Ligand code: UDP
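Form predicted alone, single chain, as structure tokens, below.
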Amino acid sequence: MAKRRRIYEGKSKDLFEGPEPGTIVQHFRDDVTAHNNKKQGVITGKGVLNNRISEYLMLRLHDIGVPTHLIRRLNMREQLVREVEIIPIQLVIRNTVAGSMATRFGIDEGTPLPRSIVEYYWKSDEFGDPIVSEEHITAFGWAAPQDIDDMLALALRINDYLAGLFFGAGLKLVDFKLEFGRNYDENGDMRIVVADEISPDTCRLWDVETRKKLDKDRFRQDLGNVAEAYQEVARRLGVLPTSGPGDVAESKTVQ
């Protein structure tokens, strides 16, 4: 599919005009960043793997009735998605202490949490994606109270489902980030849907037995073998491309 006008350039993905009104083409690049874009690099093949992994996980969510922006995968690096109004809040769902939580509270990484904790972050590269409260979100008009309730309910449901799915693949879902958007139908009715991606870029995934990190922390922490870690996640989920550069296998279309 020929690319159309680029409408957004992100840290690791680009968005292009879709072939029909209300659609967008999401293109996955091999770029990788960390520490609020202070560390940058390229991991050959990462975009292909994230495209396939995110497609697989979004389809699984669709199967249990969770709405997402995904329509279908177009090719190795691109997905056709619904145009949504992105809510500028990231939800981070934490099951185990890791990353900034370990630093903020002085708790050893790997400490299990008594229950899943959901944190809100304002999407702002300029200000380093600061953690915010529900009061900030509603006071500054980023989302309405009902939006927050809907996002929180979806986040907890997704966490329960993905934790089990990953565990079945020998992976521990330590924490992960979700983004949401408002999708409007032809009648003007709005619903909150999962947007962006779900991949080793947005999830902390550890091997259940060895606690080996199989996610972007390998890049953040200079652990090496980043591409191999992403490949291992894709292999365990059964989505590792095996057809080579010409792989354009058909993808399920989400209605």
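Here the structure is a predicted model, which means the values were calculated and not measured. Note that residue numbering follows the sequence shown and begins at 1.
Another form exists, predicted together with the named molecule; not displayed. Remarks below refer to it.
- A residue is said to contact a partner when one of its heavy atoms sits within 4.5 Å of a partner heavy atom; G99 meets this definition for the named molecule in the predicted complex.
- Taking non-hydrogen atoms only, Y184 never approaches the named molecule to within 4.5 angstroms in the predicted complex.
- Although the partner is absent here, V92 lies within 4.5 Å of the named molecule in the predicted complex, judged by heavy atoms.
- Using a 4.5 angstroms limit between non-hydrogen atoms, E55 is distant from the named molecule in the predicted complex.
- Of the candidate stretches 151-159, 164-172, 99-107, 73-81, only 99-107 has residues with heavy atoms within 4.5 Å of the named molecule in the predicted complex.
- Among L214, C203, V32, V194, the residue placing a heavy atom within 4.5 Å of the named molecule in the predicted complex is C203.
- The three marked residues, E85, H136 and F140, fail to reach the named molecule in the predicted complex, with no heavy atom of any inside 4.5 Å.
- Using a 4.5 Å cut-off on any heavy atom, the residues of 159-186 that reach the named molecule in the predicted complex are, in sequence order, D175, F176, K177.
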